[in-house]
Ligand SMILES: Cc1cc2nc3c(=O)[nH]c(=O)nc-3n(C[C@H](O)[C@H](O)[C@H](O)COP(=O)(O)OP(=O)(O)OC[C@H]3O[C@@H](n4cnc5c(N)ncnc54)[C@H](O)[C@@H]3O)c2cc1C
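Encoded as structure tokens, the following chain is the form predicted alone, with no partner shown.
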Amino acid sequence: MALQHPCNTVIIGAGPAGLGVLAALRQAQLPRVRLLERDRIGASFLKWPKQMRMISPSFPGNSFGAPDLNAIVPWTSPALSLGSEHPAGAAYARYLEWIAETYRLAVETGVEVSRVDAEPDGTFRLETSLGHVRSRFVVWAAGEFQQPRYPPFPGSELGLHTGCIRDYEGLGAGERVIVGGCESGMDAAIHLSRLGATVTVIEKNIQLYRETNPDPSLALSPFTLDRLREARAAGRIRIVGGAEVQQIERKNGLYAVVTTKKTYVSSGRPLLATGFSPCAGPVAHLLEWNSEGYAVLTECDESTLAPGLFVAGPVVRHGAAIFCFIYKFRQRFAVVARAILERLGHPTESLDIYRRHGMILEDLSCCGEACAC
């Protein structure tokens, strides 16, 4: 089945980025906007380990001009909706569902987008499980949780990526080695140590203290530091910094993790806390990629190769500015929405609410500023 009339915009992905951009466009009452999701709303959050929590705190400061850090629209607060400062993945997925229901954001679930092509007339043709869809603009907002990054060393297939864990209780106690000491690695170490495991975390460039870098995208969050200090006091977490893993081997029913310092033994599969790769699937060929594997974008988060294709979510990068947290990438929803509205000759005044609530960031020169204390 082919779409009879072209869309103004098709958004791909029903996570916080996709819903956030859709909410901004709906605020402007833009017609013919579709959001396509291959799974369900908040699917990535539903795949989080049961024990995992959001590291950015939720707090209902909206009425005093300080929007909840985990809110995706200015006038909502997960802290109030969920009654939690650090929501679990399943809880945050409920918040996203409530956003869709409350603001009547039409989401078409179970729709797979297999390819997007730029047409000579300036529109895009999307190949979907529902047939062909034509749209003037496309917003890629599918996130990156669905693409775990596996390290290139031999034997990495013997490890278990933290993105594939649903419940740490099922991993048992004993000796456990974790490759990677950033947020996901430390989070795994904390949960395993609480369950009685003895954990060795291996990180070649570990940063334990925020004062080494003011950007929480590059250093451990205060939430993790607090929990880590408490967990380490029990004596079951060892952190090995400055070591690089060379390979993983299976020997006599155990796992040997060979590093540049020494070999560490794990009774269970070593955990790979090695992050996620930027995922662009059906639009990857329409984006220019830099040497670090991230899309090169214009000042309004648009493809440099295919005008009209925008990117939203944690994969957005602008130089040293990393937009991987919700409170960061939500600052770009109104930027993308305004670019689309302006090109369609549609009024943009409705987006002023994002500026009044401090949820639009256009001057990136302020990113990375250090705090005085």
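Since the structure is predicted, the reported quantities are computational estimates derived from the model, not experimental observations. One rule holds for the numbers: they count along the sequence shown, beginning at 1.
The discussion below concerns the form predicted together with the named molecule, not included here.
From the list Val33, Ile340, Ile322, Leu36, which entry has a heavy atom within 4.5 Å of the named molecule in the predicted complex?
Spelling it out, the residue with a heavy atom inside the cut-off is Leu36.
Could you spot which one of Ser56, Gln331, Thr348, Asn62 gets a heavy atom to within 4.5 Å of the named molecule in the predicted complex?
Among Ser56, Gln331, Thr348, Asn62, a heavy atom within 4.5 Å of the named molecule in the predicted complex occurs only for Ser56.
Would you point out which of 22-30, 340-348, 300-308, 47-55 contains residues with a non-hydrogen atom within 4.5 Å of the named molecule in the predicted complex?
It is 47-55 that comes within 4.5 Å of the partner.
Spell it out for me: taking the named molecule in the predicted complex, does every residue among Arg40, Ala142 and Phe145 have a heavy atom no farther than 4.5 Å from it?
Every residue of the spot touches the named molecule in the predicted complex.
Looking in the predicted complex, any heavy atom of Ile12 within 4.5 Å of the named molecule?
Ile12 belongs to the contact set for the named molecule.
Whether Gly268 contacts the named molecule in the predicted complex should be assessed with a 4.5 Å heavy atom distance threshold; does it?
So Gly268 does not count as contacting the named molecule.
Hey, in the predicted complex, does Glu112 get a heavy atom within 4.5 angstroms of the named molecule?
Within the cut-off, so yes.
Even though the partner isn't displayed, in the predicted complex is Val335 close enough to the named molecule, meaning a heavy atom within 4.5 Å?
Judged by the heavy-atom cut-off of 4.5 Å, Val335 is well away from the named molecule in the predicted complex.
Any residue of 268-288 with a heavy atom within 4.5 Å of the named molecule in the predicted complex counts; write them all down in order.
In sequence order, Phe276, Pro282 come within 4.5 Å of the partner.
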